[in-house]
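What follows is a single chain, given as structure tokens, in the form predicted on its own.
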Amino acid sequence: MEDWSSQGLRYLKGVGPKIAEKLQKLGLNTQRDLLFHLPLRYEDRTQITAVGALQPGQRAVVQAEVLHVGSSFRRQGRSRKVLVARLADHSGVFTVRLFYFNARQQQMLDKGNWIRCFGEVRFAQGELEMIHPEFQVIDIEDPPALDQNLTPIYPTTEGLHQQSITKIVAQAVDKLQSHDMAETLPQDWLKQHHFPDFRSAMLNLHRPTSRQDTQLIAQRTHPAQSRFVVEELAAHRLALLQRRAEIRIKKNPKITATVQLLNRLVSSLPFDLTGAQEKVVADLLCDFDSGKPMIRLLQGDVGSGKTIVAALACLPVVESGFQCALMAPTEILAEQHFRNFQQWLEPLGVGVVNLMGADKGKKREKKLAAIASAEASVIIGTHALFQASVEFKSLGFIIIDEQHRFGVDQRLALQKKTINAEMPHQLIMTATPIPRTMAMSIYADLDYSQIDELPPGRKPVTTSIVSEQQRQSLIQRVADSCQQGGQAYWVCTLIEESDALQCEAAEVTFESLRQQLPGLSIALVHGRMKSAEKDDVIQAFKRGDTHILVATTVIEVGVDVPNASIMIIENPERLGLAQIHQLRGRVGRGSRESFCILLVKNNLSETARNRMDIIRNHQDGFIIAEKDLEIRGAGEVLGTRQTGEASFKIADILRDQKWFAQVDELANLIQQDQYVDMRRQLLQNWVGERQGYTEVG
């Protein structure tokens, strides 16, 4: 590539030290990185929608006059001022609500000003409103021109507004538009498959100019998308194959156990292992006995019993004199694992300790000492496990739960805590359903096992799709269930450029339910709360002290409350089906008949409705993944990517399986010696800082 693309971001307008730090969190360090920071989706800001035509759930551009503006106080932990403006055009009235605002924004919403705003419409307290829309003051006699094409929406991070990152990326795209760029793939291969060259493909995705381009991109059938999907998957495949080859020659801890402890635990369990669980345990024992480092992916649907398999796998390792570490993505899930492992392993004389980021002072020092002395044989925690202060005496086995939540660099940091530069055995677990052939292809560096049956006694969950118009009757239904001793989850989803607004949505719902159901105990949990506070709320819900737990998707995994029998998910169409299926798995764990209610807006697209029907009609996560694949792609106009595979910038392993033959072909071609420089550039473009894939020592 040209020299400009390898320059740092401080050369760009609007990028100071603080913004550069936020960009670095996204893996953006050079202007080339910005080009590969591809849009997540596109928004249509090409037309004005009359207020009277707005529908809940719609994202729209509106022009209206400010009729009234004022502020009110509400209490959530502390007093907070809320700015509320009433706006109208010739067809109707709606409300703009700002929970966080400054003096300039308040001035922009002065009475009499005409405002052009863009945001999501919702129905609350009997009226239409937008929470934190983008807005500007306009001259209604001479309004600014509307966008002519779809607006790209880029992945971002908290504190970096979508408008800011769009302007920063645009500067790199401007340079691309005015410079020739070196091709990154073999020319003959591109011509053979009718793929566009690098420069035109990249410009098409950042700045689609024709209506035909925007339609093809919206339908995910544009040749530029196809080219980069194949390119990214090939880079991923090359990195994994290289990693696997290096892993297989590493020294590893010798596991020579008698499996005495394993057999004792199996005989003490109040349930029998399923045949699928027994087969996976046998796979793991064979790996330990092979003389090579284990690196195995374990897939199992929600509730299939992966955790007990992981606990059983730890026992031969402990008998052989090594320690085990289990890393979970959230403190809620880590705490759940800790309590299970304590219950199972401590009666066998195996020391179990949990290490969280919130542990401080003497409490933390005591835990670190237990880990360093091997007094603790099994250590469970979050990312806190790979902090520099954590020293293991003899780490021999690593279990990564919900692997897609961790970057490869985090996994490597934990691996490097072994003694004598040995490669620890690894078991990587996930409940995200991926069909077997696809998993074996995309996780080319891993051996593969699957728990494909559920333990007896798991109750099916009745899933219903309920319109927002039936919200009040749904609230009454939940209240009736709680008054009869039941408990319920109420999950709020609002996916925007930061977690703040998702938490605000949960707070609004929490306050509304508390006002409408004063006789019930209602609690709130979200990702921005302190760890101790979250744990207190979760434990109160587990004890049955709380009737309704209002939450963000933070409770997707790790909350096990058998008495909870109702799961309500607002705006479920915003989530991947695997994530909805995970949330549904929080209920149906006890003796009560259980229900999952998908609370949807009236204007769902046909594709979204079909996807909700898949969840309603199926309980098996792998079938759900297959069915989802059948209807996604061309019909999913302007949709977001499937949640859960955050390592990909443009590819989706479910949707893009049709390209696997071309991916194999390209990966094999690029592995030839003549393409060594191209291979290096390909890995840099798509794997970038995650080059740790190929650093295993």
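These numbers were taken from a predicted model, which means no experiment stands behind them. All residue numbers refer to positions in the sequence shown, first residue = 1.
Omitted from view is the form predicted together with ligand ADP, to which the following refers.
Inset, instruction - Considering ligand ADP in the model of the complex, find the one stretch among 515-523, 253-261, 295-303, 148-156 with heavy atoms no farther than 4.5 Å from it. - result: That would be 295-303.
Legend entry - Interface membership of D272, ligand ADP in the model of the complex, 4.5 Å heavy atom rule: Yes.
Legend entry - Exercise: P455 in contact with ligand ADP in the model of the complex, heavy atom 4.5 Å: P455: yes, in contact with ligand ADP in the model of the complex.
Legend entry - is_contact(I115, ligand ADP) in the model of the complex, heavy atom dist at most 4.5 Å: Residue-level check for I115: no, no contact with ligand ADP.
Legend entry - ligand ADP contact at Q277 in the model of the complex, heavy atom, 4.5 Å: Taking the distances in the model of the complex, the answer for Q277 is yes, it comes within 4.5 Å of ligand ADP.
Inset, instruction - For the three residues I308, D560 and R589, verify that every one has a non-hydrogen atom within 4.5 Å of ligand ADP in the model of the complex; reply yes or no. - result: Yes, because I308, D560 and R589 each have a heavy atom that approaches ligand ADP to within 4.5 Å in the model of the complex.
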